[in-house]
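Before any questions on how it binds or moves, here is one chain, the form predicted alone, in structure tokens.
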Amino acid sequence: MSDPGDLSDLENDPLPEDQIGLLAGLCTTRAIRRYTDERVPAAALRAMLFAATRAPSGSNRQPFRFVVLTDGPKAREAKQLMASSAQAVWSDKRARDGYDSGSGADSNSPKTRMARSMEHFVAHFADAPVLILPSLVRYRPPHPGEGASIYPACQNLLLAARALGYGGVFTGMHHMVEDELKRLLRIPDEVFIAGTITVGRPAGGHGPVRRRPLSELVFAEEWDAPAVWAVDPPGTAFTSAGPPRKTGL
């Protein structure tokens, strides 16, 4: 289903054409949790991972590595392992964060829609055409800023997927089975698995992401001081999730 196919012809092939512009991609790269069973070809995977490796990192060391799982025997075993972890993680989060209470009783609330999306995602986690483990080869003891050397690469990968008509989502669904994953995939103990990225052809569509208004997030000169130029473009859609807003915003 998701075998990327023969890689031998890629050495002399340029990257595929971007289907959208950069700014449009930035504003429409949303979390995609539902995929068709269409395989992701090698040329697209190559482009996504090439874009990921162009990301900045501390001292330009490029300490990131990517374990790409498609449809081989170990890939299938790893996907099943992570699927069980994903279901357990989501079950705990659903109860802890009250997804079935309050606005969760409204079948069309953002909370309920998110719950439905997550239920589908974890139930079909093992069916994702591609599962990528972005990993950090540590060259010093763990510290709070080390994510800056791998998370930009993860976002580059997701943006490249969007540019080619694919979609993905970054999660931490591997944590409960990280030791088992490392043994299965022969990942050294000192390597930090920074997350999981599922990738595939969206079963639905892309669209503008919903976020908080720009005026709530950008200050001028000092904390909480309005930036008069921080105005959202016409037609911007806003999220109703997140912490309470200030009166009048």
Ligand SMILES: Cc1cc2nc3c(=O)[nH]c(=O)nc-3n(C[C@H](O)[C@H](O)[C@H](O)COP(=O)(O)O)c2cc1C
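Just so you know, these numbers come straight off a predicted model, no measurement behind them. We number the residues from 1 along the sequence you see.
A second form of this protein, the form predicted together with the ligand, is not displayed here; the remarks below concern that form.
In the predicted complex, do R33, M114 and G172 all reach within 4.5 Å of the ligand through at least one heavy atom apiece?
Yes, all three are in contact.
Hey, in the predicted complex, is Y166 touching the ligand, heavy atoms inside 4.5 Å?
The answer is no: Y166 has no heavy atom within 4.5 Å of the ligand.
is_contact(M118, the ligand) in the predicted complex, heavy atom dist at most 4.5 Å:
Close contact exists here: in the predicted complex, M118 approaches the ligand to within 4.5 Å, heavy atoms only.
Non-hydrogen atom contact R201 with the ligand in the predicted complex at 4.5 angstroms:
Contact check for R201: no, nothing within 4.5 Å of the ligand in the predicted complex.
Heavy atom to heavy atom, is R211 within 4.5 Å of the ligand in the predicted complex?
Answer yes; at least one heavy atom of R211 falls within 4.5 Å of the ligand in the predicted complex.
In the predicted complex, which of the stretches 103-111, 138-146, 118-126, 68-76 has residues with heavy atoms within 4.5 Å of the ligand?
In the other structure, the partner sits against 118-126.
Compared with this form, is the H206-E119 Cα separation smaller or larger in the predicted complex, the difference being 3 Å or more?
Note: Cα gap between H206 and E119 shrinks in the predicted complex.
If the C-alpha spacing of E119 and G207 moves by 3 Å or more in the predicted complex, is that a move closer or farther apart?
Here the pair is farther apart than in the predicted complex; there, closer.
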